[in-house]
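Shown next as structure tokens: one chain only, the form predicted alone.
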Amino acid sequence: MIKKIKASKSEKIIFIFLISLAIFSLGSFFLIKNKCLFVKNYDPQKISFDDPKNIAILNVECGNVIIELYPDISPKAVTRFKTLVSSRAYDDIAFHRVIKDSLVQAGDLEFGKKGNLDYGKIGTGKSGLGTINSEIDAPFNFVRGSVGLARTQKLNTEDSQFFIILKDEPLYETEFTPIGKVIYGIDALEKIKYLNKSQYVLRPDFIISLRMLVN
């Protein structure tokens, strides 16, 4: 007859510890892999907006980013942005410039397209529609979530590229053309891939889609 050997108290404790460690390790692995786990995804169809025709929906890996546009402040810039959104020009375009907890930038339609990235030129591409003049005279507070058109070091060179700031940037006022502000979903932008040693991202994240709420 085979006798059953009872596990000692210390052996039971070790066994429970090993099981707990395995569960913790698997849980930690899941959390690391799923960067969007605690990010709320907003459904624009369930939100009431005061001015639906000026609402843009930026869809990224971690959900929807809902942007309210301000044509009264920057009419030419908002018109350009809406034109590109309506033509679906921003779909599959890279977030090529990202500064952790500070800024995300996308919109290089020429060199930032998924599957056709040009790392040597990204950030310099154009839309083919020409540049527009800077609109920086109206008062605008560049607070967290503000959206603006990017430009070169010279004024009046705005085109298709845009940025969204993740912290207040008061020095941006009268320097950059504002087009709107994120009103829901800014947490999703904080999960966009960045590099610690460079503002420009190797193998970047991409815009999935960018649409107007009302076509």
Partner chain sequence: MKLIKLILSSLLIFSQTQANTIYDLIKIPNLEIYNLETKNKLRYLYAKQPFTIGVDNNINCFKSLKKDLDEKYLIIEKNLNRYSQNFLKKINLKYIVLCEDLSISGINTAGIPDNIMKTLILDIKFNQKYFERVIHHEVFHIIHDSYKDIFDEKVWSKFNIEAFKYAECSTCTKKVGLDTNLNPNGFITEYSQSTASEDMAEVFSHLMYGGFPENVDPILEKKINFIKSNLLKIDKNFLL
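Positions refer to the first chain, counted from 1. Small disclaimer: the values here were computed from a predicted structure and weren't measured.
Keep in mind that the form predicted together with its partner chain is missing from the display, and what follows is about it.
Indicate whether the candidate residues Lys114, Asp118 and Lys191 are all in contact with its partner chain in the predicted complex, with contact defined as any heavy atom within 4.5 Å. No residue of the spot touches its partner chain in the predicted complex.
Touches its partner chain in the predicted complex: Ser102 (any heavy atom, 4.5 Å): Contact with its partner chain, yes.
Would Tyr172 count as touching its partner chain in the predicted complex under a 4.5 Å heavy atom rule? Yes, Tyr172 sits close enough to its partner chain in the predicted complex that at least one of its heavy atoms falls within 4.5 Å.
Can Asp137 be called a contact residue for its partner chain in the predicted complex at 4.5 Å between heavy atoms? Looking in the predicted complex, residue contacts with its partner chain include Asp137, since a heavy atom lies within 4.5 Å.
Residue-level question: is Leu195 within 4.5 Å of its partner chain in the predicted complex, judged on heavy atoms? Flag for Leu195 set to yes.
Going by heavy atoms within 4.5 Å, which of 39 to 47, 156 to 164, 58 to 66, 173 to 181 lines up against its partner chain in the predicted complex? Comparing against its partner chain in the predicted complex, the contact stretch is 173 to 181.
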